Each structure stands twice: as C-alpha cells, then as structure tokens.
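To begin, one chain is listed below as structure tokens, in the form predicted on its own.
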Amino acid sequence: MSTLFEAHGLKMYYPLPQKSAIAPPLKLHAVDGVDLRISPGEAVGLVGESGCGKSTLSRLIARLVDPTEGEIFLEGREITKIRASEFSRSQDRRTIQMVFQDPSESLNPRLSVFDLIADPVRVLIRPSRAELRSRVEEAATAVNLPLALLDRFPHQLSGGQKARVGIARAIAVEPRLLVLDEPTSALDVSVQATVLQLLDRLRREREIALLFVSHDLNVVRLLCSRIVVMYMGQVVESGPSDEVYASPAHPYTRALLSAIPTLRPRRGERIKLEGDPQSPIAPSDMQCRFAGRCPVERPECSVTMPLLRTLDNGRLVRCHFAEEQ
C-alpha cells in the first residue's frame, strides 16, 4: 500500500522548572522515539492508558506542536522543518485535520454552526461566497447534520450534533488524514455508535485515513483495521487489530485487553498490574519502561531496553521474550 503519512523517531520532551540554579535541567518524556506509518483510507487505532502520550502524539501528527526530535513526511515530502505556526496557514493543513476530544470546548460559542464549519474553508481555500455556502452545506450533509441547524450556536446543540459539527468542520477542506483525539468519549453509547458509523462511511466513500486515539478498546476494534499500543511514550506493539486482539504479544497489551468489560465469560483471568509506573521524567534507557509492573519480568528487562522489532508474523513488538509468551 502507498504511504500517506510517515513519522520516524518522533520525540516530545517538555522542560520542567529547575529546583535550583545548579541542578541539571529535567524534561518530561511525553513521546519518546515513535515511528508510525498511515496509508490512504486506512483506520489506525492508537490506544494506551491515560498519560501514555497518545494525545501528545496526535498533536504532533496533526502538526499542532513542533517535535523535539524526529522526522515527519506527508505524501513523501518532509514537513518537519515547517513550524506548526506556519503549517496552520499552509496548504498542507488541508491534508491533515484534527477532531478534538470535547466538542463543547473546541467549538467557539460565539460563532454559528455555519461559521464554525466555514472558518477553515475561508482561511485555507478562500472561496467565493456561493462556493463557501456550497462547501459548508455539503460538509453538513455528509455528516447528517440538518441544514436548519446551520444558524444555531453550540449551546443550542446536543452532544451528538456538536460532534458532527466538529467532524464537518474538519472534512470541509477535503483532508486526506483525520486525527481524532477520543472524539466519542464525551458521548453516550447510542450516539457513539452513530458517530463511529459516520466516520467509517466517510473513510470508505472519501478514502480519508483515520488515526483514532482512544482508551476504549471496544470502540477501536469496531472502527480500526490496525492497532498501535503505547506505553510511557513508546510504541510497545503494533499490528492488525484482529491479530492483536486474538493473540497479544506484549504483556501490557494482554493486560489492557483483559480489562475490557464484557458480558461473556472471560477466556482468562483479569491481569492486574502490580507495582508503580516508572517516572516519565528522564526515564532510564537501560531498562524496559514496563519493568516493575510486568507479570513476566526477567532480570534482563531491568538492564536492557528492548527494541521495537518485527516478529515472524509481521507484527511489531517491544519485548525481549514476545515469542515465548
């Protein structure tokens, strides 16, 4: 498959206040050496517990923030050197659009629905008045948003309608990649299902690639053909969703999947992780980030950092002993 988006060695470190003038500078490692590839029309799920770096990575991919290190390629062109502030005004911004987690927070309450959807069109396309209305109405229709709501304001909409406005605003400029940061987490189950069906339809009809960031593994399984699992700023496993769900290779992935709520009897016991997570502030490069919590930990895990490697079945995993589990 062709590649739409590619990232190599992405890092995002946040400097922390120094305790004294002579103390060494400390940095929080939010994203620490992530590689990612997304093909046209592909739906990729990015999962992991809170604080693992999912949202930071999604903002790096959407070019809302500049990485500390790493390279980003869009349709084969490196765009890392374009600063995020400049990227927001470039034509490449049309290719990558983001849908934020809470539509109530991401929609300007002073703008009508029409102006919310029209705003990126005005900036990035600069159409005539007739073309602007046509694009706005086409985007609203694509997400099943009644045109009668275009004159309303966010406080007059339901949660599902706000979510549709956020998606319509993103697709109005005809992007090729949508980055979705937990777009259904604030919605009830029935509305979640409607939004997921909408996203899948847009992906199929317009061949829009989706990067779906979520902590809800059931939701990811419904929408995504490939899953990427993060832990403490690193990718620990990646592969086709069906294979990862059927036979997870990394101990952390197994623990995540064992925690999925289900009405059916479990095939195995719930895996409860003991111990405390390592600090994301200047973590050691000489041990596995999962050391101290891993239920199958061995002495080698505490002295050697495992590399993200390819197994015989083509799946990527960051574990010394993935083949033995």
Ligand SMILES: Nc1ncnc2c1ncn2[C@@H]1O[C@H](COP(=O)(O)OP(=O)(O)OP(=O)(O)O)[C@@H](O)[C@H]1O
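A residue's number is simply how far along the shown sequence it sits, counting from 1. Bear in mind the structure is a predicted one, so any value in this text is a computation, not a measurement.
Beyond the structure shown, there is the form predicted in complex with this ligand, which is absent from this document and is the topic of what follows.
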Counting only non-hydrogen atoms, which stretch in 293-301, 66-74, 252-260, 26-34 is within 4.5 Å of this ligand in the model of the complex?
26-34
Contact check in the model of the complex: Y14, E49 and G53 versus this ligand, with a cutoff of 4.5 Å between any heavy atoms. Do all three pass?
yes
Please tell me which of R201, H215, R94, R221 lies within 4.5 Å of this ligand in the model of the complex, judged by heavy atoms.
H215
